[in-house]
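Next comes just one chain, in structure tokens: the form predicted alone.
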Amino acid sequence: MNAPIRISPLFDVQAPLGPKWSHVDAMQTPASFGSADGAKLALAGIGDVSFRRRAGVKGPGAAAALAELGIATPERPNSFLRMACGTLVARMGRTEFMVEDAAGGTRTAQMHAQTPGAGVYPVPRFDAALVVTGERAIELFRQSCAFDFSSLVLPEQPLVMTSMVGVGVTVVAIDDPSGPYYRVWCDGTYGGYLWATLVEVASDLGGGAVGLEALGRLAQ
């Protein structure tokens, strides 16, 4: 197995817990924190998907530039979509977009290789990226954030920009047959604090940190 060349913004707070590691897209990522991962996931699981590659773009020409690359964009501001290839595209406001590859995806590499045209401005993305899931996820949000996530209409694929435990975050709510779950992004420099704090809150709810093996397709 090749050594990782990308360092997760959460590595320093995860390593002391002694997880079993895996390498995904050249980033060392927890595969498991132990045999209780599945039980924690069902109640209030906090997963790490920072390995997914991201790129951002904004400006009046941003949507057209993405369309030239075959990247679909949400019609409504503050919403998201998932392409058939697994790429997640988030629209923040009217003219700013974040594109996140599925594991092994190449859409963001295409964006980095594209020469920006008129009205197109690249936005560097160095996010920590989390998954929050479980039957007590809404309770976790109530303890860590002022926004009422229970008010969201999940089929509309909503996106929220708010603050959690004092950290600015972007959150999308994903409607899934197994139950709703949430993707959370923040500036990578605050990622360790956010992850550790949410894991502490989740632990009080019977959940906690979970690895990719328990997350399964929720990490895709």
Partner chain sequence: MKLMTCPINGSRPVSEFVYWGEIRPMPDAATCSDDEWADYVFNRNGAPGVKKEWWCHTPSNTWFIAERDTEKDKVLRTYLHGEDE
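Positions refer to the first chain, counted from 1. Since this is a predicted model, take the numbers as computed values, not measurements.
FYI, the form predicted in complex with the partner chain isn't displayed, but the following is about it.
Undergrad: Select, from the options 126 to 134, 139 to 147, 113 to 121, 80 to 88, the stretch whose residues sit within 4.5 angstroms of the partner chain in the predicted complex by heavy atom distance.
TA: Selected stretch: 139 to 147.
Undergrad: So, in the predicted complex, is Gly93 in contact with the partner chain at a 4.5 angstroms heavy atom limit?
TA: Heavy-atom contact with the partner chain at 4.5 Å: present for Gly93.
Undergrad: Pro180: heavy atom within 4.5 Å of the partner chain in the predicted complex?
TA: Result no; Pro180 lies far from the partner chain in the predicted complex.
Undergrad: Does any part of Gly61 reach within 4.5 Å of the partner chain in the predicted complex? Heavy atoms only, please.
TA: No, Gly61 sits far enough from the partner chain in the predicted complex that none of its heavy atoms falls within 4.5 Å.
Undergrad: So in the predicted complex, does Ser163 come within 4.5 Å of the partner chain, heavy atom to heavy atom?
TA: Ser163: yes, in contact with the partner chain in the predicted complex.
Undergrad: With the partner chain left out of view, which of Gly168, Gly192, Gly38, Gly34 would have a heavy atom within 4.5 Å of it in the predicted complex?
TA: It is Gly168.
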